[in-house]
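Just one chain is shown here, as structure tokens, and it is the form predicted on its own.
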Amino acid sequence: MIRIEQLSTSRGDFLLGPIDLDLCKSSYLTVLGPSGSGKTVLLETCMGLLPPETGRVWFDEVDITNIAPEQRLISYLPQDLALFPHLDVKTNILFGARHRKLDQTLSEKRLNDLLDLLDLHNLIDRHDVTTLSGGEKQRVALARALLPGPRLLFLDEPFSALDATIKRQLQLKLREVNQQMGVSILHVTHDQEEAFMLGEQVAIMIDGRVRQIGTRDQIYYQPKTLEVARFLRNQNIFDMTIEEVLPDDSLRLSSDISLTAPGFAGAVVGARIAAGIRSEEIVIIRPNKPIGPELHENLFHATVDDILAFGGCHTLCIRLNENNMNLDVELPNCAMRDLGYEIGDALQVCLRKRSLWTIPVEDSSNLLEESHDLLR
């Protein structure tokens, strides 16, 4: 569908790229990154609003790098929506189709289909778009972007200003649009939950570069660099040394604690690596319960130092008894109510081998200090 090859450009002092990305037909790619990472610059360069300094953009094997934006058959939903306040709802939705001189009968049919898909029947006769709620404006703007029948839709932080309930409703509508209309979607966001819920593939962009791209599970559970791991809020990161490469290619690691972890290509004894585990992946061993085979390794006794309550979960801030190392353990509220932990309680935890990730480290920086700085 669309292929981006070694694309780079600049805006002021900011440098984008070089970037390589592929978006297949009818697929959904989310580009996730912090504010200022270059996500909007990437979209604007792909659309032809910014000239690339190097690289090419291909659409269905046709080089569109130097084609005018209006000829690229790409629809765009910007963060500010850009609805026309002097036009009514219906005219706003039809604006792109009329500008592209689509057949009126086809436009009306698509309009009726979108009214059903996006629940717009009660809004189509509204004359003043400024009276619409935030969610209503989003649906109108999305209908306007879809009515010309684009094969590719670009979304730039489309739901950042909406409350959580309306945002979730519209996220589900986007899934329907992708699945029912077959339109390919390139969606940039800084919202990690949104990126993982919607994207069939997720690209992590930091400082103008795509640092990792893969499926949800690959990105979430197997970060390839420390900057990706930290951005994805991996709070339990250990500075380790490889003690032994085991016959099954897993690794015996040592530092303040000893761990058995998955291996990686090129692992050698004596090398320094970062190992980590997500807080929700740490297993609490319940007393007097049998322990399965995969929980026999990486067992530690600990003490609860603090408990943090969030909307749908609790975080236990625990300290390992043998070395005073601090870890975060995330529990859903139902599990927390069942376990009933309080500050000062003793517990046993398992850092399950298959849940650990490992990354080679080439510099001499202090991983633990950097991780703690990220959380301050």
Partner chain sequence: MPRDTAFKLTMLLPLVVLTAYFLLLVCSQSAFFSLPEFIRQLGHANIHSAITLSLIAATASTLIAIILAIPSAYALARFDFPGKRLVDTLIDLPMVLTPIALGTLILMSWNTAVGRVLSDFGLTLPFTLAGVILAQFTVVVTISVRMLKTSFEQIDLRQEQVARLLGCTAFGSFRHITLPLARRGILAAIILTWARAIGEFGATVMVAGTAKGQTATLPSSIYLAMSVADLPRAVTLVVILISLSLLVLFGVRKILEKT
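Positions refer to the first chain, counted from 1. Computed from a predicted model, the values in this text were never measured in an experiment.
One more form of this protein, predicted in complex with its partner chain, exists but is not displayed; see below.
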{"property": "Listed range touching its partner chain, judged in the model of the complex by heavy atoms within 4.5 Å, from 159-167, 205-213, 85-93, 291-299", "result": "85-93"}
{"property": "Distance check, Leu49 to its partner chain in the model of the complex, heavy atom within 4.5 Å", "result": "yes"}
{"property": "4.5 Å heavy atom contact, Asp103 and its partner chain in the model of the complex", "result": "no"}
{"property": "Partner contact for Arg98 in the model of the complex: its partner chain, 4.5 angstroms, heavy atom", "result": "yes"}
{"property": "Contact label in the model of the complex: Gly36 to its partner chain, heavy atom within 4.5 Å", "result": "no"}
{"property": "Three-residue site Thr241, Gly266 and Lys353 fully in contact with its partner chain in the model of the complex at 4.5 Å by heavy atom", "result": "no"}
{"property": "Candidate from Thr315, Thr40, Asn326, Ser26 lying within 4.5 Å of its partner chain in the model of the complex - any heavy atom", "result": "Thr40"}
{"property": "Residues in 45-70 close to its partner chain in the model of the complex, defined by a heavy atom within 4.5 Å, in order", "result": "Met47, Leu49, Ala68, Pro69, Glu70"}
